[in-house]
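As structure tokens, the next two blocks hold two forms of the same chain, structure 1 and structure 2.
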Structure 1
Amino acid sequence: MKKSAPPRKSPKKNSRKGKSTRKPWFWRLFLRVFFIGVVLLAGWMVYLDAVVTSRFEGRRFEVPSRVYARPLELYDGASVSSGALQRELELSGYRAGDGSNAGTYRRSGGHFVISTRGFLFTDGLEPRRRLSLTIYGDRVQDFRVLSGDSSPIVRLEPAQIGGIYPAHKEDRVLVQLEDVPVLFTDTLLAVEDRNFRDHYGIAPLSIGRAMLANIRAGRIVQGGSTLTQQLVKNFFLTRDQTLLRKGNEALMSVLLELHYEKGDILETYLNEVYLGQAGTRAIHGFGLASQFYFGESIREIDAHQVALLVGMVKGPSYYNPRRHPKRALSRRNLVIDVMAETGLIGEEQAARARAQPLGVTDKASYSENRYPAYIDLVRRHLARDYKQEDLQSEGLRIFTTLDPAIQHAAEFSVKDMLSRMEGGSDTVLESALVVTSRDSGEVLALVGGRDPQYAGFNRALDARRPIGSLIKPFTYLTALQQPERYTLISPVEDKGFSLVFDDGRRWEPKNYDGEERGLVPLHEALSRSYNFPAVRVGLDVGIDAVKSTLQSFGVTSGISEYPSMLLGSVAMTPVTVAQIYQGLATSGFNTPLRTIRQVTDAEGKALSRYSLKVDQVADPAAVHLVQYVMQETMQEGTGRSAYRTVPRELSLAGKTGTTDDGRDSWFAGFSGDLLAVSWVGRDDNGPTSLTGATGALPVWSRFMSQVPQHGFSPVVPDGVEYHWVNPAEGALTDEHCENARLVPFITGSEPDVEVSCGGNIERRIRGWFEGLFQ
């Protein structure tokens, strides 16, 4: 009998047993994965939280420093032309209009009605006013304040002429929530996030509706992001459309809402949102956008302007009102509809808003640096007191001395005259022009090349070129400070000679015209710019003494001690030349050139003031004698051709300078108000056919002829007396004698001999009658 087989285990029973053994393993794995996920998520949340709080707790924005021109002051008698006033208004973002709304003006010939915006200066608020004035003969007349606080003098807000931007080129004007009209924030929330005040950073229902709408349309037609999510995306994340980025955006939005108040988040959004592009600069925040598109503060804009700015959030480039006005108008009106539907404005107001034009300015009132050469000098002056990173991020306000009207005249003169000089030739000339206030040393204008918009090589600051005969006034000044040896009628020899150095080399100076005139009075040698007398006098007083004079007037670079330096072989930049001539124009008081009047922080608190500084470096009496000859230069000498362009009644003082083969053409001179230095030459240092009188002087004269100003009428200092002399005889004479000239002398240095023309009765009688009508 077969042994019965043992009973087999039921498969079903085994299956139950297997399930019972796998289930704990699965759940253990699941729990472990879940736990690890929770830990990783918690860690990631901690990391995101640190990112959110660190950025929000610290300085949220890098705000560029803003550079302003000097404010234009308007009053009866103010010197300004009609064209210059209109250009300055446009530079400040004013629009032609009815002159009633802030930031508009109305012009009829020389009559202006201007509605100012007001501006916070460090010495107080210049309030909004409506002004009326007439310009006649480049002077303001009939100045009146039509509305606003009465004042005999009103400052317009200064034009912004540039900025010092962060490396990422973001530009913004920070605004606080309380500065923004309620209508603006309500419209923004009505369009972008109606549940902003209720949600916790994300709005699942909005996301669901957006997903459904997008699925139906087959493309992205609706976004479900809250305003907080938009801020997180712009502030912390990239614009990549990935699930990871969207997840981070949601988490960070919740964290942001947990840590900060709604008002704080909304204010940050107002300052962060991207709203356009100006060249390489990105326009961020509604504060700057309002200035950029309307030339007005966000506090001042109307409902239709509110609608346009809010509408642009959806697509700043697509709805750019300057490039795509039809799209922008359609989008603006859509927002106006929302404003009406939500009860923010009434139907009547909505209809008026829809009827308004876009109202954007033709040009952005906040643009790239308009005057790169001038801003270059401002930066170098700022570098003495401020770190670059502070200038790029602290939102400083820098008030400069630039005068836009004078800068315009300077740029025009350079471009106009270079084109005329070149004619049809292949020679490419370059130029630089520096203009300062004669009294204060404030740099009013600066041109670094024929293309003033080019931000490259700045010839006014960096082109060190031999100055030629511009050095001669300092050589003669050194001599005239020794009145016992030199006066303006001292005979000096205009005759060739040679110097032999210890190594056998010879140096033989030449006159430009190749002529020799023998003995000539010192004033004539300087006003005609003869070379032989200049070298002889310089060697007589000593090269060291001339060098010392130059250094005391502001030369800080090396000066060679070769005799050729007496004819201007020493190289200087146009700005350095302006610096040393400033001392001549101010009677021997060295006045450091300034481009900055004041620096304030973003709230308007003064950080630095750069006031006038003077240092007497030469005897005013001796400088007065040099000024006399520089005036003679303009009347009788090498600068007389200036009066082909400049009105004869404008008294000027100046000096020409030319280097070998016309490689450098210089002119430096001043009126009662302005000092200007011009240079013309080639960048490759090649020869030209120009002299100081045919190259730099025409540029200088063209500039001077365009600017309203007073003539140079120096006050005679103590210790100077005028006497009628016969320079050829070196003796005192009668006023109406032949060759009589009224010449200043340092007291005690006048001639002690006298010649008379007593026999010339006819001339004496004629002189007597002439004297009656002087």
Structure 2
Amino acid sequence: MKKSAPPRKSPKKNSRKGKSTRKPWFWRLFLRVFFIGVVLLAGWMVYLDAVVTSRFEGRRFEVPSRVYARPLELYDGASVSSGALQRELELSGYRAGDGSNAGTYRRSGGHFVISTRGFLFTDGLEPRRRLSLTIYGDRVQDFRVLSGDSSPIVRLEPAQIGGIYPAHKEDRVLVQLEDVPVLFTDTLLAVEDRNFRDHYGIAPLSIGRAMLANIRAGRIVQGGSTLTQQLVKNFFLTRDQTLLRKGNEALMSVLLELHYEKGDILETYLNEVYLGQAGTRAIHGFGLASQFYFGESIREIDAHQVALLVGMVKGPSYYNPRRHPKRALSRRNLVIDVMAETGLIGEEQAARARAQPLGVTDKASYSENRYPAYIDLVRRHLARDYKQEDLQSEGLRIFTTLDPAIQHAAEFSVKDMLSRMEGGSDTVLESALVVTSRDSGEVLALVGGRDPQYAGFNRALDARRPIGSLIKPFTYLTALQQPERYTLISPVEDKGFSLVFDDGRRWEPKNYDGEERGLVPLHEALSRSYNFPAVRVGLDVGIDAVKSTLQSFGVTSGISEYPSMLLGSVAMTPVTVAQIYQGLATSGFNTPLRTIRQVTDAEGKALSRYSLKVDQVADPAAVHLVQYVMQETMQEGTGRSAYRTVPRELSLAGKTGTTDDGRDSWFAGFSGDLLAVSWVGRDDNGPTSLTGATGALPVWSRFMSQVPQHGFSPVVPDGVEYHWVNPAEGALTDEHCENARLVPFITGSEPDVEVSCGGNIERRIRGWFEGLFQ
């Protein structure tokens, strides 16, 4: 711009001096007007030039971040149902087909042949492969790599589940000129601007030539504007067709050509051009368009796909291949004609290309955020390390831990069970469900309310509710960490009492059923969730101790120190409950919940990794005892109705929670693979007729029954021994005796008396040699 301004100034000064004395008044006026015009034009050029350069020099495009689901791992024994695999493939933009073109699969019953497209993970490339496998009993069998690098385990490309978009909602995948096949750019130039490499931004000749070509073809096959003009039009100007705009367009095109290489301009065009709409999201650039319509990288597409994309430039909605396949097909074939005429492809190849179907994916693989509640948690985790504007513009790639099959089951369970529970009543129930991987802490699914598409109040993250009896395992864990005082068969008192505080207030806890049972063994008190023993044991070990157990398991917010906390007056969100139950579900290892495995830049370079972490916060032996009771809860305690839905073979562990008047119904539990926490209640915190067992548990069980998984069967940790005992007598007994129960004890805390089937109690005398081999 500095170049162009000065030369215009000097001739004007000269002309004013020389001509003002000799010429008549109208000449002077004319010159003045001319001068003013030139100055204005020069100023305008300076302005336009600034616009053009600043737009080109700085960051030209804001590229949204892409959020991916976890990649599906396929190997012999992998846990996946046929339905889930098919959904996963569709989500990743695979097409049902012959299974031999990349991005297609063939299914017959449980047998799948899949041709993967390959994906560059930061920990290595998954090359293109052709896979064969059979799903039997929800497991992968006979997994084989038919072609491509052989490997016993292969990752599919991760499905994109959402994006973090700039405010203007333009979406694109940036491509570089060298990434784009030469056939593509040549075709584009052949159709849109044949003289691109020679003109200076505007080409009056090519307008004429385009007219001729159009007349010859009998329809419009070429446009008159150059690519540069089209770019300028899209890039800087509004779409109104005015003379002023045309003038500006021409000026800016010339300026653009003055400043920049042809390659730069072409590359920018490739990324700028508008090619369709997905909801509120605008699809810009061929990089994204190729993904959007074919589910494939622009590097990989064939001649007929090249022709379709190039043909669409003329009218992205008019030639939308999903909505107007016929129009799109004839436009595509017209472009194929041009490709053949100009010698870009041979006649044979052209014929083959014309014979191809459009080859677009049924659904756009890059769609709107379909899991708003989950993405909400991802955003909050990202906010710890990234700025919002970077997330909206830097084209980051965010690899999450979301498992689409599990998310699907979770959403379905909430929706289905809530409408069943409401029946015809007026009560409007709400719910939240959090599912994590038991041993890695990865959040696999998150439901923030009964309408999973609603991006509003996220109950899983923001509904802080009293947790009721969900607190009890922590109280008993605190007690069982003192094996000299408490074992699973220690008698505890199920009898009412009242506490009188210093200020004279009284607190009288109640059992849910209003009963009192006298002395009961500790395991029974927990599996049946009796209140009196929980408070008595909690007061005995100390509220402080229970509080510190909770804190070590991951509670960071304040915890009330009133005795009522022992019955769960402490409020937590479902996600926090999932966090603290993670330590109970593993053997006392706190595993921070994660939604993100990795963030990379647009080129795939790792920016941050969020690695697996474990931190032992409790004695595995004591946790094992609590896990025993949480299994008992499912088999004979408050959680047993789960087995109406869940198959018997699936061993589970869990705990119910209910708060006063059924305001909150909770269930937290786990299998060998998954940990899930469900909550049901009302947004207005009103009463319901539900308990943990009738509200949250049915949602939880419905979910668990739909997911193939391993049962819970913990490894007996060091320092734990199982003994046959008669819990009522507090004595060892014989396996065959009535009331015999196999119960784990921390070594040394098992009873030292024995009761025979007849009921005679004997002190067990250990020989010195017996002790020696213990």
Partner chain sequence: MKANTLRYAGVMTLALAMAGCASGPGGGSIYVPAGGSSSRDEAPEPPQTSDRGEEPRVERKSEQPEEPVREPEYSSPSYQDEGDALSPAARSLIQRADSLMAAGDTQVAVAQLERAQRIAPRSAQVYFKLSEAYVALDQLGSAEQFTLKGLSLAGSDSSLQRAGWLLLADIRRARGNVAGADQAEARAGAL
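Reference numbering: structure 1, starting with residue 1. All values reported here derive from a predicted model rather than from experimental measurement. If you superpose the two forms and keep the largest set of C-alpha atoms that fall within 1.5 Å, you have the rigid core.
Of the two copies shown, the second one, structure 2, is the form predicted together with its partner chain.
Relative to the superposed rigid core, Gly295 undergoes a CA displacement of at least 2 Å between the two structures. Relative to the superposed core, Gly395 shifts its CA atom by less than 2 Å between the two structures.
Once you line up the core between the two structures, the Cα of Asp416 stays within less than 2 Å of where it was. Once the two forms are overlaid on the core, Leu308 shows a Cα shift of 3.7 Å between the two structures.
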